[in-house]
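Shown below, as structure tokens, is a lone chain in the form predicted alone; questions about how it binds or moves come after it.
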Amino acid sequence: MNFYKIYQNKKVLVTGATGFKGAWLCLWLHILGARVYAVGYSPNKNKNLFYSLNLHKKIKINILDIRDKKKLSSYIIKNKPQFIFHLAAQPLILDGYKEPYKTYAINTLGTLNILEISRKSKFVRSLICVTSDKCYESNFSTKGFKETDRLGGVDPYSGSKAAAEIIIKTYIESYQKKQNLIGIASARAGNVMGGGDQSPNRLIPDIVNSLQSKKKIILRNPNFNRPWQHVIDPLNGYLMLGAYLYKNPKKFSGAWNFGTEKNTVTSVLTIVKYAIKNWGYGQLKIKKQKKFYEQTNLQLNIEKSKKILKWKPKYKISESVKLTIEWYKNVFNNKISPEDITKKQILDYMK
């Protein structure tokens, strides 16, 4: 099945459209010929990417809070999307510690609103709720978390994502299996990188901002290992899963991991060195600091997605960093517009 073609002329809703991953996904869907509707939130640290991609001229965007069920329902019912990609979230661990109630409310109530509105609709056929690799309870395993592993979370952000997963599962078990009218899935991915990310307290934006201003890159936890991947890889998995859900909702509903290949977790220090190499210059300084709990090693087991969906990540970590730095260097030096280079990287990936 050429799953890209299935989106042509289809109505697709993306929540969290003004976020980093949301903006990339909206542009990709537009390229595929979808009729894209979007829900965004303001303030948003990444909204500059959304507007620099000229998405406000290409798709229909509504700025609202997904916790507002009445407004969200009105927008969805008015536009009747066949696909929904739910990416809206409070996405930062540090902000989760600062504002736990807000984090839980957005990540759980927002997801619940989407599920309930979709359940009652007669037009939504495929719903993907994006959560996180941090929804799993740490078991200190180096084999990688499977979709059937225990959910948990020591910090509020991780706990909110685990709670969202439980809500999603109950809707699949209680409604999807009985009615078989709508495909419902959760998608779990790890640390993504790519052009245009401006989220605070994230490694790549911090690296790029330091390189651009010719300041030393400060590393707090250089030996933390993460399954880094370019944003295009998991988004490709979401699009593929969305298409399969549309065709066969019962078979493909459930939880799916979209991570990296085995034994590819990479340290923060290695990522910084790759970035400096591709930028052409740069210095780093290690200033160890750990105020809050974070899992030191994270790895997703992606065998289910590889076997059933025939999905797998295409880019190695070195290629992911290279593409990301290439994006920023070209945009900062005014060699190419954010829209053109993002479109180019998406089209190159599709080839």
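Residue indices: 1-based, along the sequence shown. Computed from a prediction, not measured in an experiment: that's the story for all the values here.
The same protein has a further form, the form predicted in complex with a small molecule, not shown here; the description that follows concerns it.
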Considering the small molecule in the model of the complex, which of Thr108, Thr266, Ser118, Asn191 comes within 4.5 Å of it through any heavy atom? Asn191
Looking at Arg35, Lys312, Lys304, Arg67 here, can you tell me which has any non-hydrogen atom within 4.5 angstroms of the small molecule in the model of the complex? Arg67
Is Pro91 close enough to touch the small molecule in the model of the complex, meaning at least one heavy atom pair within 4.5 Å? yes
Examine Trp28 and determine whether its closest non-hydrogen atom to the small molecule in the model of the complex is within 4.5 angstroms. no
Is Asn113 a contact residue for the small molecule in the model of the complex, using a 4.5 Å heavy atom cut-off? no
Should Leu87 be counted as a contact of the small molecule in the model of the complex, where contact means heavy atoms within 4.5 Å? yes
The stretch from 124-132, 275-283, 255-263, 207-215 that lies within 4.5 Å of the small molecule in the model of the complex, judged by heavy atoms, is 124-132
Check for me: heavy atom within 4.5 Å of the small molecule in the model of the complex, for each of Gly22, Tyr41 and Arg202, yes or no. yes
